[in-house]
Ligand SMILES: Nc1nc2c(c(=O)[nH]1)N[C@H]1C(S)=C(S)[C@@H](COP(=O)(O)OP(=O)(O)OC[C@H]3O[C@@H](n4cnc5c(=O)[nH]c(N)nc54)[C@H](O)[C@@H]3O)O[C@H]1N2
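Coming up is one lone chain in structure tokens, specifically the form predicted alone.
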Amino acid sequence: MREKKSFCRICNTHCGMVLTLGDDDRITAIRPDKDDPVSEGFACFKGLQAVESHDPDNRVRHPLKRMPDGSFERIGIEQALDEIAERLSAVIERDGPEAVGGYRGTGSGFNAVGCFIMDTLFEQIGTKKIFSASTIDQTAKNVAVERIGYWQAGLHHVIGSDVTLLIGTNPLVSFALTFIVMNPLKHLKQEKARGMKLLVVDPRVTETAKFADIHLQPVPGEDATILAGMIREILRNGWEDRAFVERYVDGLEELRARVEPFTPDYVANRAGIDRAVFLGMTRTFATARSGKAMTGTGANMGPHSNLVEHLLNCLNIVCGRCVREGEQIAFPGALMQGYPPLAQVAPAMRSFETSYKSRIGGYSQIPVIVPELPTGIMADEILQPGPGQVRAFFVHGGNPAVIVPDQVKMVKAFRSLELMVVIDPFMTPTAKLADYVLPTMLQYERADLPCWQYEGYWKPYTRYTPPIARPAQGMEVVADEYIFWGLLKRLGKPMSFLGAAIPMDSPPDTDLFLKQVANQAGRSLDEIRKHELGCFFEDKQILALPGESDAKFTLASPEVMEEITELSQELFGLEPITRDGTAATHRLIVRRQRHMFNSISRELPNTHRRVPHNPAYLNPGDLVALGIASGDRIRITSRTASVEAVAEADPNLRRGCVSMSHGFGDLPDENRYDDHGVAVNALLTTDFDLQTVNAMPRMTAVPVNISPAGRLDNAWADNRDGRVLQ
């Protein structure tokens, strides 16, 4: 037995870990590294399951090929790549490059090479049909930046600020990038002891909200109403940063006029909150010297999500919460590339007006680091006949069969494909639909760097890890990049990575790609490798530089002003009608699960023992009113479908809400709730209620009807055609 140090790559926290290895180089134990200079001995439940996740009994051990009868048989990796390349070439020759598409999931997102390695293939093919988990998550943030602009030096960091406002986010569980990524509970307690005020807007008393100085529990889906009301109150009281606004803002007076209907009485009535608490929260945020407001999936997956993010940006801007010349920037990064940290506005780009547009609804690419199409139209790109219909599809490290909204449509789309390739270490519900399943190395079996595209460290820090563990003897798993290199070689096309040509004469080593990640930031991988616990780059610019531009934020673009007016004219307080003709009794809201990251780790034995399924949480008062007891079976009906689940009491939840976690469930015709839970996304739709620009479906604050269920028959109904899927 011996110990080696590395770091976890399930999420962007990258906690330092100490691994115990046996003589066969397999992991036998794991613990947090108390010597790690950034995570300081912290690790979450998910990261501590590495022993189970690396166990060959839990993994796809060899490449698999679907047989005509639907079963899977072992196939060698080289033969699999030969066949995939041949079938891919036939699709491209017949239908053109736009007939090829792909989806990147979070399983590839925290792999420094794998995060964008699929792009190397698609660039050479000539298709732009790339989708990802990022464009079904929080793309409203990208839309807001495109329509309003952003401050190049960034906003204030939570650490050292006087106030932090969180709307629809639970960072003590999600480890949100813009909050305190490293050891968040410890640092939150330190900041509160220093005097920082924590303000939270969430229908549930979340793990984070329990530390709030002021907590609003609104009706789900009213975040835009609350933000508009806050801005109105700030402008009426003169709490804005007048000097900053005068120099850097266009459209303030138009914004002032549009938010005028959002009086404190209106906001309190519509959002179902206490007027005095709302005003106190607004005053606390606006009159603080420093701090910022931020959102998460709870706000970005709900109605009016693009407007929510726009108003959130306006709130931070009018209060002047931008890092000024000479102040320390929040996330300097070590390897990420971006604009210099100038104390100036990068003006609205509105690239969605000129970028490549989908044949579905005319939706444009969203610049999520690299341009991607909205995942909300992914199923239609596959199902809709005509030129450009996707016929061959790659899924890299994702599980869209249970993650993407409108599960019936999504599964139907995957089953209609001529070629589907899933690159994943595990036999997920999505992998069950594939023609080929290609297993890859897990995190401790590969060399890596921390996530360079989303660096969350508040100092310029990075580290290298060599491969620590080895796959079990007899397993045939490969590095992610080898799959795409092998396909490009067979297609007779070159490969480049971050601007560097990759040799095609022999399989490249992972470090060749990692060197290019370091090179793009002017760093030496050899130097980084010398430091087992990572290194801080003291030469990195960490203070904001003087601005060089007179550009201004655009607060009042015409379509956003129209969205505010439409919001103020909406009817509210009426119960929408669900598909079966009954009035909605509740609103379905999202819920973070500390044992899983999306659907990652769900089927590991230790995780499954703790959370075998996803309960439907309701306030105890709602259970009484419905005549339901905790543990009873209930039916949840939306406008498009019905699912069944087990009710569980949650006194921390606002009445009128039902809270469930995404990422559970199996394929519709194979699902057993007791074993897998249910895919909440079956209740959602991509047929209507999509946001403009980014095609974001409504994934939270969804009107539903709750009723008792006599039994849980492992079935759910797709109400669009009356089917019941057993």
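All figures in this text were calculated on a predicted structure; none of them were measured in a lab. Each residue number is its position in the shown sequence, starting from 1.
Beyond the structure shown, there is the form predicted in complex with the named molecule, which is absent from this document and is the topic of what follows.
In summary, the region of this chain contacting the named molecule in the predicted bound form, judged by heavy atoms within 4.5 Å and restricted to 271-279, 316-324, 195-203, 243-251, corresponds to 195-203. With a 4.5 Å cutoff on heavy atoms, residue 398 counts as touching the named molecule in the predicted bound form. In the predicted bound form, none of the heavy atoms of residue 228 sits within 4.5 Å of a heavy atom of the named molecule. Looking at residue 591, you'd find a heavy atom of it within 4.5 angstroms of the named molecule in the predicted bound form. Within this chain, residue 462 is remote from the site of the named molecule in the predicted bound form, having no heavy atom within 4.5 Å. For the candidate set 676, 46, 26, 62, a heavy atom within 4.5 Å of the named molecule in the predicted bound form is found for exactly one residue, namely 46. Proximity to the named molecule in the predicted bound form, defined as a heavy atom within 4.5 Å, singles out one entry of 457, 122, 116, 426, which is 426. Looking at the named molecule in the predicted bound form, residues 137, 403 and 441 each place a heavy atom within 4.5 Å of it.
The partner is not shown here, and in the predicted bound form the stretch 231-269 never reaches within 4.5 angstroms of the named molecule through any heavy atom.
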